[in-house]
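Below you will find one chain, with nothing else, as structure tokens; this is the form predicted alone, and questions on how it binds or moves follow later.
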């Protein structure tokens, strides 16, 4: 049975899951959810995710929300296809993947997401980007990226010398971040820059990136 993914292709959380699905060459149907019409806050969608956020994955009678949890499920379900994104054959490598998945969730994402919100979402609300919020979070992100620069000077990818969910989880939000004036935070750190250029050039992500046009003319 084909998987159904409810979301929007321009959404970084939806694109995170789509990237994982493409890495695993999994067949799926993207069921569009109209964010600008508030469809995700209406009862039919709230029955799928009571928090009213995209994406949601349906696999038969199983329904999942939260993009990182969905991606981990996909990586496990299709672990024999494509790269082993969870390193299921090595407890030590799998543990490293989990550590850096947590780093992305607990350190990287809280710093980068407010920056993206200010540059992309605030204008839609008729507000100018709040420079104080941007400055505060670029400082936080810079400190996180200093840790990444050190780690990536010793290993090709975050969890080791192999691509994993730990890297994949960074793709969609960093893609939008690189369209902002703050992109120098990545570009000024040679190992982080090389890592970003590597992971963002993967065919699975390239299939998704072409539709990630939030904030561009005609996609506001």
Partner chain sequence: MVVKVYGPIKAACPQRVLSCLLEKDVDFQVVHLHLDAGDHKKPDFLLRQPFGQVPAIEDGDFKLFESRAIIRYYATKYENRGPNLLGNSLEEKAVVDQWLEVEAHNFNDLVYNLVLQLVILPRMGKQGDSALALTCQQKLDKVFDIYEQRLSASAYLAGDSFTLADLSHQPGIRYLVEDAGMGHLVSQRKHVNAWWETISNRPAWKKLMKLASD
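Owing to the predicted nature of the structure, the values given are computational and were not obtained by experimental measurement. Numbering follows the first chain given and starts at 1.
We do not show the form predicted together with its partner chain, though everything after this point is about it.
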query: In the predicted bound form, segment of 28 to 36, 60 to 68, 178 to 186, 191 to 199 with a heavy atom within 4.5 Å of its partner chain; finding: 60 to 68
query: Heavy atom distance at most 4.5 Å to its partner chain in the predicted bound form, all of 4, 119 and 121; finding: no
query: Residue 44 within 4.5 Å of its partner chain in the predicted bound form, heavy atoms; finding: no
query: Contact flag, residue 84 vs its partner chain in the predicted bound form, heavy atom cut 4.5 Å; finding: no
query: is_contact(residue 147, its partner chain) in the predicted bound form, heavy atom dist at most 4.5 Å; finding: yes
query: Non-hydrogen atom contact residue 174 with its partner chain in the predicted bound form at 4.5 angstroms; finding: no
query: Residues from 68 to 84 in contact with its partner chain (non-hydrogen atom within 4.5 Å) in the predicted bound form; finding: 68, 69, 72, 73, 76, 77
